[in-house]
Every structure is written in structure tokens, then in C-alpha cells.
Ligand code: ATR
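What follows is one chain in C-alpha cells, specifically the form predicted on its own.
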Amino acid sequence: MVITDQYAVIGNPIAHSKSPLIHAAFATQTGQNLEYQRILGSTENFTTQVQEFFARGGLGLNITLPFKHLAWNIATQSSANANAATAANTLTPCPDGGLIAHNTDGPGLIRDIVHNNHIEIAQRKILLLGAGGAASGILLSLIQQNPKQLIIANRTQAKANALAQRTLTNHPELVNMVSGIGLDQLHDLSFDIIINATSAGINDTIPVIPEHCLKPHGVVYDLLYADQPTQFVKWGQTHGARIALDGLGMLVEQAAEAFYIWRGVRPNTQVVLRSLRG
């Protein structure tokens, strides 16, 4: 009898998740024998649900909203990206029974921006909108690309400052690169790349930013994705963006990073991305 390796994604809500489709495609492409399911998570029972999944022989778990911080908290070991974000989107079991936390969001974003779309981040001025979990999950990876400047802007300036200061505590050498401001302080600034890490688009809105924030022929990237262009992608298209992207590429690339952690095989993401776009 052939035993099928078990993986899953846990979140709430979860029915909309494309992760099972993505990982099934990766498995078929690379000849891996695995099954990947959705788990509807509960805040009250999250730790128990995770423990039970691995106790049943589960080999890997993806974490989505709103459980990424909880997942990082219950892990016994963490990667640098997970620690920087204080959040995990991927868990693997330790031989001793503990859990290892990973965060593949940042590497997934960079692969989509730099490798898939050939957009240079080094020495560019970057605006990161939002200071919550999504922003913290990608911040370290963005910094590692050596931008000229990275400004975190949030409706509540204190949150932007806190995220910037947390980064500078661990990397004081970045004091001239990273800073946090309020959205109302953007009036005299412009950027090569603007990344939307807020959840405003879920409610069909976008952060209020000045029209001149985007430099001519700049790039906008929305971490959210949808079957139609998101509101932020539309904003970029109407404000002279050379490239305006949603987060579907990041979704596929972060999944590929998790797949590589679990299986030691890197799938061809372009085939899967074309299928989802189609």
C-alpha cells in the first residue's frame, strides 16, 4: 500500500484558497506523491488543530490569515524571515516533536518582482503601504535587495514607526534606508516602486496617497489578487505605472518556496501561474 504524504493550509476563511490547486499542480509536475487539503481554523483551537494535524503524520502546514503570528508563537524553531516578521506561513515538524516556523512571503515576492517581471529593486526608492503582518512579512526580503530608500507609510504613523524601529533594532546599519511615516506625510515624496500591503482592497478601496507618489513609469504591486484587476492595480494603471501587478505571482512563488522546504524540489512556477491566469 502506497502512503500519500499529507499537507494542508489552515486559515479562516479558507474555502477560497488556491493553495490546494497550486500544490497539486506542483506535485504532478515534479512526480511527488502527496495530498493537500484545506483546514478551517479556529482561534480558540488553533494550537490543538496544528498539533493534531502533525500527530496524524502531517508533513507540512501552510498558515494564512489570521493565524500567522500564532503559528510563529507555537513553533520551537524559526527561520530568519519568520523571526523578522514575527509570523509564519509555513510549518514543518522537528524530529524531536517541535515545529519549525518559516515565512516564505518575502522570498516569494522578490522572485515575482525580480525574476518573473525583471524589475530592479536595488538602489530604487520603495514605498511600502501598511505596517501590519503582510508588510512585516516582506520587509526583510525587500531590505536584502538593497534599495536606496524604503519608507513604510501607514494610516496610523505609530505603527509604521514601530515596524521601522523593530527593523533598525536588529539592523542599525539601515538607519539611513528605512523609516516610518503617516500616510498624510507623503505629499512631497515620490517613489520608483509602490507596494500595497494593506487590506484595504478587500473592501474595494485603496490607501489614500497623493497622485504624484509614483514616479513617471514607476511600478505598483498589490499583495492582494483577484480575478479582475484590483483597485490598487487600477490606480497604478491610471497614474502612469510602467508595470502594475497583483499578488498572484507572489502567491505561487511563496507556495513554491514552501514546496521546496518540504520536498527539496523546486517546481516550474511559470506553468502554474499561466494556468491560474488563464
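Note that the structure is predicted; figures quoted are calculated from it, not measured. Residue indices: 1-based, along the sequence shown.
Keep in mind the form predicted together with this ligand is missing from the figure; the text below concerns it.
Of the stretches 156-164, 174-182, 109-117, 79-87, only 156-164 has residues with a heavy atom within 4.5 Å of this ligand in the predicted complex. Listed residues Ala75, Leu142, Ala131, Leu127 were compared with this ligand in the predicted complex; Ala131 is the one with a heavy atom within 4.5 Å. Shown without its partner, this chain lists Leu150, Ala197, Ala101, Ile121 as candidates; in the predicted complex, only Ala197 has a non-hydrogen atom within 4.5 angstroms of this ligand. In the predicted complex, none of the heavy atoms of Asn146 sits within 4.5 Å of a heavy atom of this ligand. In the predicted complex, Leu65 approaches this ligand with a heavy atom inside 4.5 Å. The closest non-hydrogen atom of Asn170 lies beyond 4.5 Å of this ligand in the predicted complex.
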